[in-house]
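First, one chain by itself in structure tokens, the form predicted on its own.
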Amino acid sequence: MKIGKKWYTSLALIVGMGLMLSACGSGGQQTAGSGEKVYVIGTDAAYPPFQMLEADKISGHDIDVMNAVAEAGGFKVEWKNTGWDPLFDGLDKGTVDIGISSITITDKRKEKYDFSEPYFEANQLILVAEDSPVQTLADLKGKKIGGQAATTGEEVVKKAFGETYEGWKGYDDMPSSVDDFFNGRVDAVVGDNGVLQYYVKKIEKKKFKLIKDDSFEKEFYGIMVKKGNTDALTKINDGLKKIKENGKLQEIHDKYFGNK
């Protein structure tokens, strides 16, 4: 799960600025011609397959989910590629109404923001060589472990082996850590299941395996609003409930991750 990431940040911010400038209005809860509110959605389009830029357009799993939630909940949305930290700042200042960007629901975040019901269950996976005897994270003690810096992947490694574990190597993005793994610079990579599965799917000719350690705590992504924004949160949860019940949420999941 993202805590602070730089994956494709430069490209995302450059294109994102253009998207922000071309968007209607400049603040939260814009008003459509009919007088209906248009909720400004902030995201960081640099975390495929959840949020990404394709042909200068924001797309991905979370974008499909939010659009489906809005349609089912009966409200209109406008997208802004804010970047990661500015997403939270935008919610604080009211220039963004809703945030969706693979945001893990945590007790610390709930002190300042309100979350929808979960829409995605995430967990960490371990990438190792196909013939590796490793079966759990504990088996990696003393080995070189790569992963994206400032994520829950880094947290679980340091929780297991200590904050100053010398075997940990943090990268600006997940592809760099995986590239180093295949080049023999690290023995394993730890990262989010959705992102890691998406990336390695593109290089499945190489020999590797993904291991799920049952000791890893489950994480749940939620749609975030500023604390007290009950109007938006009620509409979000209403729409989310409907797409869970009618199968649309599962359909979106299968589109990006298969039906496993």
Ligand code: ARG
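These figures come from a predicted structure and were not determined experimentally. Start at 1 with the first residue shown and count on from there. Whichever C-alpha set is largest while still superposing within 1.5 Å between the two forms counts as the rigid core.
Another form, the form predicted in complex with the ligand, is not on view; read the next lines as being about it.
The partner is absent here, but in the predicted bound form a heavy atom of I103, alone among L91, I103, A188, V77, sits within 4.5 Å of the ligand.
In the predicted bound form, none of the heavy atoms of F161 sits within 4.5 Å of a heavy atom of the ligand. Although the partner is absent here, T152 sits close enough that one of its heavy atoms falls within 4.5 Å of the ligand in the predicted bound form. Although the partner is absent here, W84 sits close enough that one of its heavy atoms falls within 4.5 Å of the ligand in the predicted bound form.
A residue is said to contact a partner when one of its heavy atoms sits within 4.5 Å of a partner heavy atom; K110 fails this definition for the ligand in the predicted bound form, lying far away. The candidate stretches are 53-61, 40-48, 231-239, 206-214, and the one lying within 4.5 Å of the ligand in the predicted bound form by heavy atoms is 40-48. Heavy atoms closer than or equal to 4.5 Å to the ligand in the predicted bound form belong, across 214-243, to the residues E219, Y221, ordered by sequence position. Relative to the superposed core, G99 undergoes a Cα shift smaller than 2 Å between the shown form and the other one.
Once the rigid core is used as the reference frame, the Cα position of L87 differs between the shown form and the other one by less than 2 Å. Core-aligned CA deviation for G42 between the shown form and the other one: less than 2 Å.
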